[in-house]
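What follows is one chain in structure tokens, specifically the form predicted on its own.
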Amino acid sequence: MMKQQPERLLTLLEECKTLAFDLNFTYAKEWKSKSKYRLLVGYLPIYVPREIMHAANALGVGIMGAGDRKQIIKGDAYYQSYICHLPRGVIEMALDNNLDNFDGFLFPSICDCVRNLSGMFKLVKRGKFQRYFDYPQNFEKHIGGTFYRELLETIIKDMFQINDMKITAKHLNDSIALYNINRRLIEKIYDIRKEFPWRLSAVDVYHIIRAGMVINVEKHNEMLEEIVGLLNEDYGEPMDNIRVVISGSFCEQPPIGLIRSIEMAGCYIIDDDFMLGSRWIQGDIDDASQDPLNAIVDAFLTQSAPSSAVYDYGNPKSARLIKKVKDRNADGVIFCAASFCDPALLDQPDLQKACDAAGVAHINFQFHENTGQFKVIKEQTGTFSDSIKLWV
């Protein structure tokens, strides 16, 4: 008889699901309310170094959009219709007071839409600071590294002016150590998925990672430790599914129904870039440095995940995608990008050519965060799965 998922795991997964899609950020606001020196700093996809916020007694909160859980009305008045859905959903949240009690906001340099969103937040007066987080596109330490460090120092100053909390080297090293643990535990979950993908669905993994973007890292690490321990138990039964890597969903997030449809069509999603910010730094950051801010800068310059938001001269993301496919023993790639996402869609032809050259099967489709119909996507994915089973 097939052993079922442990009851404790089901409880944890339900908690993660609730946290992941609480658009009022109840946990974060309650966390802040316990001390007048605590801050909430919201950040848009993809990546910001949460270590510096944690060291400044701030909670970095990922704002991943409203998805299909909020009707967009006011947000459509702020943006044109021929861009992705994410900025309209986020400005709707701001205007509906979902983001009240946040002290500041960071807008990473993904594209012009998010750049403009930082200006929108200034216009509607949300937060005490609104900072455009401009990733360096030069990876020479004395150029891009200097630029990036100055940006981090500016954000540290933004927070200091609110709560008067000075970051020491010890504070920052302690924070780095906690996020090193967090990244290791997340990768353990993906490693378990590589070997036993039937033990945990891709939707469950999504909820687990996304929950970590709205709670303090200490709590998330506790949850991850327990989940990893439970995943090592033998339960579930393998299905005749192909193994796929998802590429292109690093910013605007696909609806849960879409992720579920891919799996129902016969695919195990054994790697993805849905919550790329939580996995951006590959490996550990030095947590015993005399200059921990420099350690964070070095990690960005030398350990960043491939992303369409970052220039990749000398380290092409196409080669890195093929390596990931091979490392995960994947059967193919699904290019799944948000409609009108220029960074993802401009990269896609090169990535597809790399797949063709390496003999990696692939398909592609587009979505927006409040897509409601998945029948066509499910049929397309099912055909892809069947063709690999029959002919590859």
Partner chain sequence: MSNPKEAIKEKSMVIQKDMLANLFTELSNAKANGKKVVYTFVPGNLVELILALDMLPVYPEINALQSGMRKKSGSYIKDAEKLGFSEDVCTYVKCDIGMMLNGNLGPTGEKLPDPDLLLLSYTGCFTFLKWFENLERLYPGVEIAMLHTPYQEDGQITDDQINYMVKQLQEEVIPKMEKVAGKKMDYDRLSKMLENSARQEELWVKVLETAKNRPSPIDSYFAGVYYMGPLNTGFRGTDAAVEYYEELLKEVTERMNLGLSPVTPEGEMKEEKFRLVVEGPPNWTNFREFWKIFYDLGAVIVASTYTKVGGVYDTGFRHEPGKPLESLARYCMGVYTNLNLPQRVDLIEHYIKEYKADGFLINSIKSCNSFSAGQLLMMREIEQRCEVPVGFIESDLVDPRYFSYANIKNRLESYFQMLEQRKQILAREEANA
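Residue numbers count along the first chain shown, from 1. Predicted, not measured: the structure shown is a model, and the values here were computed from it.
A second form of this protein, the form predicted in complex with its partner chain, is not displayed here; the remarks below concern that form.
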### Summary
Of Asp103, Asp96, Asp298, Asp312, the only residue with a heavy atom within 4.5 Å of its partner chain in the predicted complex is Asp312
### Listed residue that, although its partner chain is not shown, lies within 4.5 Å of it in the predicted complex (heavy atoms), from Gly283, Pro238, Gly229, Pro316
Pro316
### Stretch in contact in the predicted complex with its partner chain, which is absent here, among 22 to 30, 50 to 58, 340 to 348, 326 to 334 (heavy atoms within 4.5 Å)
340 to 348
### Message
Please determine whether Ile270 contacts its partner chain in the predicted complex, using a 4.5 Å cut-off between heavy atoms.
### Response
no
### Message
At 4.5 Å between heavy atoms, is Lys122 in contact with its partner chain in the predicted complex?
### Response
yes
### Message
I'd like to check something about Arg131: if you look in the predicted complex, is any of its heavy atoms closer than or equal to 4.5 Å to a heavy atom of its partner chain?
### Response
yes
### Task
Would you please decide whether Ala288 lies within 4.5 angstroms of its partner chain in the predicted complex, comparing each non-hydrogen atom pair?
no
#### Entry: its partner chain in the predicted complex - contacting residues of 140 to 159, heavy atom within 4.5 Å
Glu140, His142, Ile143, Gly144, Thr146, Phe147, Glu150
